[in-house]
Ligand SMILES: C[S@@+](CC[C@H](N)C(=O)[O-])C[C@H]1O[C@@H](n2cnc3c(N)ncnc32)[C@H](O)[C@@H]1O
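Take a look at this one chain, the form predicted on its own, written out in structure tokens.
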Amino acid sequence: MPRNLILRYSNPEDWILDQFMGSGTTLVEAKLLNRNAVGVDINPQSVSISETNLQFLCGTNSKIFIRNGSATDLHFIRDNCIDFICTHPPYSNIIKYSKEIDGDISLLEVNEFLEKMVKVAVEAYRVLKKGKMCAVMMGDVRKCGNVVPLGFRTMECFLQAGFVNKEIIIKEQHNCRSTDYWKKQNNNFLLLAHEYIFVFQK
């Protein structure tokens, strides 16, 4: 997914940002595709894993910078200097990526999560160049038997920050507990078996 997005929405030697770096997949693809990249993650373990995953040689001269920090505070990145943002935030309190790291939004319930995502969107808008694209992958969740449209509520955070929505891409999830059940019932119905890739433009 990051490779396809990087190829479509950026050019060689552009600067790519991933504010939720995780294991560094976006940065690996950026390096392979001769893009420069900045990766940020609140979890020091993710920083360590990413550094390890990026220790390979390839035929590019990419500059890759990794930082342990919060996606809500990118003060170390200048205004209007990023060419493309490609990121996959954690979901609200579904998979916890740490036990008690201050600022880890994967630990937050929906309303607090969305408050932080507003700040993430504002920072993304600030650092991105005018006319450039920001791709964010997010899905919906189920709480107490009810569907929470977390994907579209996250989309609203980015629209409020000033972005316009250029594309909504549907990505099938293959690891959902309900996928097999709904495939057996009717091939036309897949409930909570997808994620959205929102492509915004500044």
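Owing to the predicted nature of the structure, the values given are computational and were not obtained by experimental measurement. Position 1 is the first residue in the sequence shown; the rest follow in order.
There is another form of this protein, the form predicted together with this ligand, and it is not shown here; the text below is about that form.
S.K.: In the predicted bound form, is there a heavy atom of this ligand that lies within 4.5 Å of any heavy atom of N34, even though the partner is absent here?
M.R.: No, N34 is distant from the partner.
S.K.: Any chance D83 has a heavy atom within 4.5 Å of this ligand in the predicted bound form?
M.R.: Taking the distances in the predicted bound form, the answer for D83 is no, it never comes within 4.5 Å of this ligand.
S.K.: Mark T60 yes when one of its heavy atoms lies within 4.5 Å of a heavy atom of this ligand in the predicted bound form, and no otherwise.
M.R.: T60: no, not in contact with this ligand in the predicted bound form.
S.K.: Taking any heavy atom pair closer than or equal to 4.5 Å as contact, tell me whether I66 reaches this ligand in the predicted bound form.
M.R.: No, I66 is distant from the partner.
S.K.: Within 4.5 Å of this ligand in the predicted bound form: all of F20, S23 and G103, by heavy atom?
M.R.: Spot residues vs this ligand: full contact, yes.
S.K.: Hey, which residues along 62 to 80 are within 4.5 angstroms of this ligand in the predicted bound form, non-hydrogen atoms only?
M.R.: Contacts from 62 to 80: G69, S70, A71.
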